[in-house]
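Below, in structure tokens: the form predicted on its own, a single chain.
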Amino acid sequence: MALIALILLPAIGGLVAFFAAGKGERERWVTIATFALMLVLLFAIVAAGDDGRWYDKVSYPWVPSFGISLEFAIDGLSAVMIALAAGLGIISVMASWSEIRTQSGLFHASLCWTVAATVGVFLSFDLLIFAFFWEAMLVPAFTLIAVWGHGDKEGAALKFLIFNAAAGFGLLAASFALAAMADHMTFSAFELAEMKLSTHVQVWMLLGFSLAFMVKLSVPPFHAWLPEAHTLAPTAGSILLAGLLLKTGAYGLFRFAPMLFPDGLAAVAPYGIALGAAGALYGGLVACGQNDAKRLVAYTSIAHMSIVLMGISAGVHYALAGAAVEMVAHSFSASALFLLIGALYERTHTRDLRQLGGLQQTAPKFAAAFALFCSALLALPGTANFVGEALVVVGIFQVNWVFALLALSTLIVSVIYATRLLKGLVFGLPQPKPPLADMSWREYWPIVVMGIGTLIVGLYPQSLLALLEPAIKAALIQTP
């Protein structure tokens, strides 16, 4: 029941926040308390888990005649992702404290329901339940962009919804097909993984799953929804999109591709690596040409998620470990940068790098924070991003040195866009003219937390790798 409670807590917390709105700032504290309770419950589950792969694993028949069950399991990878979801949920509330003043109840309910659906994705092993949560997370995320976004927010929200909902049909169709091919009707991923399918069939099923995962991962050419959604979403929406929703695509590929389709994955792996290399170069080069700070960071997300795709496709230990670490590292760095840019936009009403600058003179806390996370963006040694990308590159060298060199070239491109962002915001003459208020404590402490996370993983990666190792080995063993 503890795993189901992890999903129900934010779902119910969202309802309470919705109805508590209008009474001071109660809905904000209800949302924070909900995510804090999730973290306490998560730590209790992990602490009580045995030494095997799964900390907890449950299965309750729901519609036995159709082979549908409430089948949930949690290992180190799921636990890390859920901790990120709850932590970023709290940070999203803090980041939007002064930004969101209308329909606050619905806003905080949407935050809770987005997190609830993503936790369902990270725990579900019944493919139909997984597909339900996969589609369910689109609704509150769409609401966050469409209601509290900026500019053509409705257009950006619709593009996000259409791309992801349409791609989700690939996942649903492949799940139905797998269930139909089983000896008895079942959607259990554990049972379906035991089926002996030909490589040809596995490839087709994998393509169905991958359509949904690639669109969420935003690897070119499946990325068209991301720049507008990231740029026009409110700060909290950008934090959840970059830190959480993109990771559901990476998680799906990491978890289910080697588990259900090991031969199919081996067959298409070279294409996955090539697509990742092209995407990393494309995202990085386009980011270099952006003047909108938020749009620049959005394109760097495309580059970093493409590196994750390269790591997963390579299927060797170093590359898989690097992909898993990069998922966490990118959550820290991209979320922090979106928070900082959002806070700066509240003060200056512009994100144009040509109209900003000089933060080291007017707002030293802002300047220090941008310096730290721009360092993470270019994967400077000592940051979590360096560990993730270095492991992926090492792994790719074991598979194909040409693609490894391409991956290395993306690191050079990252130096260009990260230094351009840093120069445009931190150095030069102060723009707009002072006074510019420095970061408040509500903006500062989430940055401190994410900065500490970036440095801890960067300086002592074993703290994270030990948690992820069982999931990495599981993906490795089933990848020929």
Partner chain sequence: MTAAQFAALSPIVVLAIAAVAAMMLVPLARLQIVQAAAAAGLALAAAVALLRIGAPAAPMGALFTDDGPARFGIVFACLVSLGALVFLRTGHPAKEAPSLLVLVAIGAATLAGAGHAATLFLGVEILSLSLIALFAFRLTRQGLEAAYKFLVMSGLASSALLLGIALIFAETGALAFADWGGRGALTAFGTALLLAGLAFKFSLVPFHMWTPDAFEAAPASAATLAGVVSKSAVAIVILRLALSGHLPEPVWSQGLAALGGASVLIGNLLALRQPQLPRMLGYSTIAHSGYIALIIASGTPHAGEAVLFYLAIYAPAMLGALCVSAALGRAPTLPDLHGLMKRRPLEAIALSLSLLSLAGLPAAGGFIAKLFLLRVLIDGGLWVLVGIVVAGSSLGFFYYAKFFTAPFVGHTHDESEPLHRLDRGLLIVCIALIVIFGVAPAGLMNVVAATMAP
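Bear in mind the structure is a predicted one, so any value in this text is a computation, not a measurement. Positions refer to the first chain, counted from 1.
The following text describes the form predicted in complex with its partner chain, which does not appear among the structures shown.
Taking non-hydrogen atoms only, F403 never approaches its partner chain to within 4.5 angstroms in the predicted complex. At least one heavy atom of Q103 is located within 4.5 Å of its partner chain in the predicted complex. Residue contact with its partner chain in the predicted complex: V147 places a heavy atom within 4.5 Å of it. Shown alone here, A131 lies within 4.5 Å of its partner chain in the predicted complex, counting heavy atoms only. If you check its partner chain in the predicted complex, you find a heavy atom from every one of F142, A166 and F176 within 4.5 Å.
Checking I452, I412, A48, V63 against its partner chain in the predicted complex, a heavy atom within 4.5 Å turns up for just one residue: V63.
In terms of contact with its partner chain in the predicted complex, the residue from L158, L408, A368, A267 that brings a heavy atom within 4.5 Å is L158.
Heavy atoms within 4.5 Å of its partner chain in the predicted complex belong, among the stretches 87 to 95, 312 to 320, 176 to 184, 295 to 303, to residues of 176 to 184.
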